[in-house]
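Only one chain comes next, encoded as structure tokens, the form predicted alone.
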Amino acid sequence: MKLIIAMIQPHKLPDVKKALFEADVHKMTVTNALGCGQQRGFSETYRGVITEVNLLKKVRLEIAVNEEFVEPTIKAIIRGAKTGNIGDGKIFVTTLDECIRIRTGEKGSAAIG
């Protein structure tokens, strides 16, 4: 079992969801987040005052998958989120020690579904 965490641009969320659904991945958690990476933010002027904006809006996807869905999920996220520009995001893959479905008490890969 793996936990896939992806940080993507907010406007790419519909494309990533579509790509995930095409890869038969339907379960995910989506959270709004702030962060900065290589692009380091930008400067803007508001009422004559220059403001540094170094925390940019991002979307965090968390997807728990069984081993056979790891590669298809990663490929789907890349297919939906990639623009070729700095700021496309990152994907983190971590080992998921245990998963428990609250409703039934199922454990392990059966709980992920």
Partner chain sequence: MKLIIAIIQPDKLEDVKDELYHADVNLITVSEVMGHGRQKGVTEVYRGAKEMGNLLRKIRLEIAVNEEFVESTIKAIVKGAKTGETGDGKIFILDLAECVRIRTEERGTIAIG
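Numbering follows the first chain given and starts at 1. Note that the structure is a prediction, hence the values are computed from the model and not measured.
This protein has a second form, the form predicted in complex with its partner chain, left out of what is shown; the following refers to that one.
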| said: Is it true that Ala23, Val30 and Ala111, all three, sit within 4.5 Å of its partner chain in the predicted complex, judged by heavy atoms? | reply: no
| Non-hydrogen atom contact Lys90 with its partner chain in the predicted complex at 4.5 angstroms | yes
| Just to confirm, Glu68 within 4.5 Å of its partner chain in the predicted complex by heavy atoms? | no
| field | Exercise: Cys36 in contact with its partner chain in the predicted complex, heavy atom 4.5 Å | value | yes
| query | With a 4.5 Å heavy atom cut-off, would you call Ile77 a contact of its partner chain in the predicted complex? | reply | yes
| field | Stretch 5-23: residues contacting its partner chain in the predicted complex, 4.5 Å heavy atom cut-off | value | Ile5, Met7, Ile8
